[in-house]
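This document opens with one chain alone, in structure tokens, the form predicted alone.
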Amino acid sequence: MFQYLIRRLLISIPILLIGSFLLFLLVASAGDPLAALKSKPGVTAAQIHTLSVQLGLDHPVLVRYWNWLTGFVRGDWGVSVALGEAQTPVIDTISSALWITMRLVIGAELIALVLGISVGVFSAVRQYSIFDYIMTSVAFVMFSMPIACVAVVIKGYGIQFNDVLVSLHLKRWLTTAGPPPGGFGNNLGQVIVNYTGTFILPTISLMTISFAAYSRFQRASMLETLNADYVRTARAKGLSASRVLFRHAMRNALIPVSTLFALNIGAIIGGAIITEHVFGWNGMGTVLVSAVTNYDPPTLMGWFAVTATVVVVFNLLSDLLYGILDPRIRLG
């Protein structure tokens, strides 16, 4: 497995290089990052030239890409040039935003995986039951709803729930406009209450579509596995129903879901862009929207590079999970 890990890492490097170069070309051809500064009255051509040299805009695209790449590897991701003015280092902006977003994404994905796998297995075991029909309908409804609508609806219910708490002379619990400015509290009880109240609404918004996908894939995979010859053989040998279900059928049925999990990371990061905007979170979504609106190439490249790396890492973890779920798969 170690050899396989090294080989996949070596393959991932040229993939990231090619992807980053294509993205750099797109970002570089999208416009002039100093356009806003040039339109300001009183700004001289000498000032524009000086800032252009400082940002490396006077070099050809290939040279600029090489300078960005070597700086990115060293941890120098440049500074924000929003509105034509040098601002905060990109690495600081991306680091703080990534921590916020990954807390939402990982929490939503873990909940969606647990619920989706559980519902999918039970629906397969109780095929065509009332529960199966209900969860199938729920999954199709979740599939058909855009993430923006889901987030707005859930936020509305959260506000109504807070109003009910206030009417009962209780404090508001659910946060609908970003994390609390004063932190999550000093003692453990306050931290738990404030933390769950802050994350529950955006997490539910992000996990709905993922839950629908995981439950449907798990159901289909489980049905195929339950009808496999080795499962029939295990039943014929007199093994208990739980042992057949969890040791033989469910383990192999998880392989397609693990693939979907890796592919879904990129989609859920995209969904986080909308969810963070609805709930007022200053995460990766907010950074991307701000960078696109103000045309900030260093921030855009940092965002794309980090997101691409996260997707590649999760795909690698998915491949490694194959060998754990099915020993017949050789990764060496």
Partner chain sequence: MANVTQSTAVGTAAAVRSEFDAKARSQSSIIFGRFVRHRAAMISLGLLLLLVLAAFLVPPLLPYNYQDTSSGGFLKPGGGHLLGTDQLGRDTLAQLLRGTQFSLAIAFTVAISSTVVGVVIGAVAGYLKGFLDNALMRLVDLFLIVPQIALAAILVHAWSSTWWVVSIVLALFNWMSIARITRGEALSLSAREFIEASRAAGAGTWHIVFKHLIPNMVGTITVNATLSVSTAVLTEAALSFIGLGVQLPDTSLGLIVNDNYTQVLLRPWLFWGPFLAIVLISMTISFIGDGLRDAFDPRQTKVRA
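Bear in mind the structure is a predicted one, so any value in this text is a computation, not a measurement. Residue numbers count along the first chain shown, from 1.
Here the subject shifts to the form predicted in complex with the partner chain, a form of this protein not shown in this document.
Colleague: Would you point out which of 196-204, 146-154, 93-101, 225-233 contains residues with a non-hydrogen atom within 4.5 Å of the partner chain in the model of the complex?
Modeller: Only one stretch qualifies here: 146-154.
Colleague: When the partner chain is placed as it is in the model of the complex, are Ile18, Tyr128 and Phe304 each within 4.5 Å of it, taking any non-hydrogen atom of the residue?
Modeller: Result yes, every residue of the spot touches the partner chain.
Colleague: Taking the partner chain as it sits in the model of the complex, is Ser118 in contact with it (heavy atom to heavy atom, 4.5 Å or less)?
Modeller: Outside the cut-off, so no.
Colleague: Can you check whether Gln190 is within 4.5 Å of the partner chain in the model of the complex, heavy atom basis?
Modeller: Contact with the partner chain, no.
Colleague: With the partner left out here, check for me: in the model of the complex, does some heavy atom of Leu26 sit within 4.5 Å of the partner chain?
Modeller: Leu26 belongs to the contact set for the partner chain.
Colleague: Does any part of Thr44 reach within 4.5 Å of the partner chain in the model of the complex? Heavy atoms only, please.
Modeller: Residue-level check for Thr44: no, no contact with the partner chain.
Colleague: For the stretch 306-320, return the residues whose heavy atoms include at least one within 4.5 Å of the partner chain in the model of the complex, in the order they occur.
Modeller: The stretch 306-320, when checked against the partner chain in the model of the complex, contributes Thr307, Ala308, Val311, Val312 at the 4.5 Å heavy-atom cut-off.
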